[in-house]
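Encoded as structure tokens, the following chain is the form predicted alone, with no partner shown.
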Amino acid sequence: MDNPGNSYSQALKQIAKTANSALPLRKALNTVAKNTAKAIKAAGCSIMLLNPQKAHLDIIAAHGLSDLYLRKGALNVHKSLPEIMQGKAVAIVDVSQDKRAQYPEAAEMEGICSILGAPLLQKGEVVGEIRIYSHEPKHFSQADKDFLSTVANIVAIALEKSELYRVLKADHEESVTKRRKLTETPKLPSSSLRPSSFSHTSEEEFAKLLDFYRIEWLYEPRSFPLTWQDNKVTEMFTPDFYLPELDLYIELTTLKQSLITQKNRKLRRLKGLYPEVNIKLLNKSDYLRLLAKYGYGPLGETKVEGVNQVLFSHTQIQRRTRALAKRISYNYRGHQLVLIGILKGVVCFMSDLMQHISLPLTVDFMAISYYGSNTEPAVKITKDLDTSIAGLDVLMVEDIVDTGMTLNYVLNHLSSHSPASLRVCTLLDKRVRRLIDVPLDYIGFEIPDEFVVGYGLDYRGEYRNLSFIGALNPELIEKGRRE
């Protein structure tokens, strides 16, 4: 078994070496954040300084966190782990259940479960914090806290002794002041960070396309210094867009060769200085290919024919699926679970859900058909379970629940097989159409009274393979009824 003390000792040697190196201060701190997260086996790390009024924390270095999360809003020292300001290392095991987490919704979108923070102390006064973030529930040990506190001391010394500290702090405070109005709201997604106008029509067109597919984006979110003279930045590069879902910066360009050459030169310089940054230079045909690559529509088309609106993007579905799986894993710990789904619409959701459930489980499927009139439909089971569920814990997995009539029939059928427990998990809940009040234990999203397709849901056998869930155009449905 690895000795955590020895592991932390080796990590501290590397962190101290980095902090004392000739690297620019900001780059050194980003490397310290990376090494700290790696040593504690965490997903990310951030280093923050107090603002001049000592009311908020501003991030000056980070690793493993998306720009969307970093720009979620100012951290209030009286709301976000306030005990750190008293000089203590503080942990949150479950962000979703702890009031000391200022932005639980942002943490859920980022997949953050646990946080550990420690103060940066200079002459006994707290000047900032360092925090690490875990995707899994983590009970931090005293060794973890001692390690992070030691890293915090190294960072504090590096900040105090660095000749660039004063410049860094002044530049950072100026940039924070300029964007304070953008970052002080906690609302998500990033609509509050969106401009009232764009520099070019191509940017507006690209933004509309991203909006249709519910792809999160930030406009000109970050400027990268490229050249310096006497500690002054003389050239910077600001990409047009950042896509947190893909961790990708986008710079749009026309086909004018002189502009392409100039931007390529800047991109080569940027990649040399910031090798961890993923950035692409794209024209219109390039970004259509990019979106097609990630399943956001066919090449050469900005929208999927017949889909009126994208309700939930692929990333939103995956985030919510992981959150549901986490709750299910916790609630059924110590039990062997049986997942049961009704073919065919549930296939995508069932497949993704079971991959994230950290329990032993088995899977079975049923098939049903409908008969009778449109006003009084009836249900018939055409494929029953392959194995017995008597005495077992059963979770009925549904793609969508609307009237509740079908689900009620299936639950009564399953209850007759005497399972130890029987609960329901549904991706979509169309509550507005409910006729029978069936119990739903786990719900992904509540949706309006729309005909939805995608992610396994179909219309006349089509649209199942869309990576997102969208609302079908009512005119198309009406046309189908007439035919």
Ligand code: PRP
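In case it trips you up, residue 1 is the first one in the sequence shown, and so on. Everything numeric here is computed off the predicted structure, so don't read it as measured data. We call the rigid core whatever largest set of C-alpha positions still superposes within 1.5 Å between the two forms.
The same protein has a further form, the form predicted in complex with the ligand, not shown here; the description that follows concerns it.
In summary, among the residues 269, 320, 344, 413, the only one with a non-hydrogen atom within 4.5 Å of the ligand in the predicted complex is 344. Proximity to the ligand in the predicted complex, defined as a heavy atom within 4.5 Å, singles out one entry of 458, 441, 450, 58, which is 458. For residue 221, no non-hydrogen atom is located within 4.5 Å of the ligand in the predicted complex, even though that partner is not displayed.
Among residues of the shown chain, residue 128 is not one whose heavy atoms approach the ligand to within 4.5 Å in the predicted complex. Within this chain, residue 405 lines the site of the ligand in the predicted complex, having a heavy atom no more than 4.5 Å away. Looking at residue 400, you'd find a heavy atom of it within 4.5 angstroms of the ligand in the predicted complex. Note on the interface: of 111 to 119, 331 to 339, 136 to 144, 344 to 352, the segment with non-hydrogen atoms within 4.5 angstroms of the ligand in the predicted complex is 344 to 352. The partner is not shown here, and in the predicted complex the stretch 421 to 439 never reaches within 4.5 angstroms of the ligand through any heavy atom.
After superposition on the rigid core, displacement of the C-alpha of residue 410 between the shown form and the other one amounts to 2 Å or more. Comparing the forms between the shown form and the other one, the C-alpha position of residue 344 differs by 2 angstroms or more, with the core used for superposition. In this overlay on the rigid core, residue 50 has a C-alpha that sits less than 2 Å away from its partner position between the shown form and the other one.
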